[in-house]
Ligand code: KMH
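Only one chain comes next, encoded as structure tokens, the form predicted on its own.
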């Protein structure tokens, strides 16, 4: 069943901490397992049906693949909420594919992100603003992305697909450029991926496609042509100041939305978002007032995307 069956509903995802921003960039970025879980639960209460989870070293906020930290976050979310949990397999810069993927066999989440190709992924433009860094790791972490390739080869993708299939985890296909949609189409034609798929267009990352309306339409039209409009569902995540406008455009085109401090630290120009829930509430209101679409519930999303259910996860 496709998410068109939601009939007037929009899926809101909250990406609560990510691996892009660093503690110096916002005093409100959740870092500890308790903060990340609490932000996820409050985002669900505000209307998010899905929460996208990374973890960080609680001592300094550095992104990590530590499974015990994931365990603490995921168990606390499940204890307090029925929200759909979507774990990262993108991880953070410098992690191996094996480190990034380990969360899937360990916890068997209902959903996990699945990056659809290798790319340059640059955070170095953040260095143009002078900062006094809170932690020694931050500046080198950002600087290193000028000479960094986010590696997702076809061999990697086959392993990720097989692992998610074995554990009943629905992949969310992260497409940062048009070529990634072609990669998805190839994996579908080879039988590596099973349809219908859920795809996320990630806009505005340095090294990927831009965030103009023309860019969004190109992604959508390419996916329609290669996959068939009735064979996939889609969402938009957009970097920084482009977040709310791109998400509203997606909702107007029949797609779905992702907000959260992973993608954007602000509510408006110069005004920090203090919580992820603030961003969820804002996009929920914008979409409802502009398009009439209401926020889908977690169980509506489970039905529409064919998820296995919260009772079948491993946390």
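Numbering follows the first chain given and starts at 1. Note that the structure is a prediction, hence the values are computed from the model and not measured.
Just so it is clear, the following notes concern the form predicted in complex with the named molecule, a form of the same protein that is not shown.
Only one of the listed residues (205, 188, 102, 197) places a non-hydrogen atom within 4.5 angstroms of the named molecule in the predicted bound form, and that residue is 205. Of the candidate stretches 59-67, 35-43, 260-268, 278-286, only 260-268 has residues with heavy atoms within 4.5 Å of the named molecule in the predicted bound form. The named molecule is not drawn, but in the predicted bound form it has no heavy atom within 4.5 Å of residue 12.
Although the partner is absent here, residue 243 is not a contact residue: none of its heavy atoms lies within 4.5 angstroms of the named molecule in the predicted bound form.
Residue contact with the named molecule in the predicted bound form: residue 113 places a heavy atom within 4.5 Å of it. Of the heavy atoms in residue 54, some are within 4.5 Å of the named molecule in the predicted bound form. If you check the named molecule in the predicted bound form, you find no heavy atom from any of 171, 193 and 232 within 4.5 Å.
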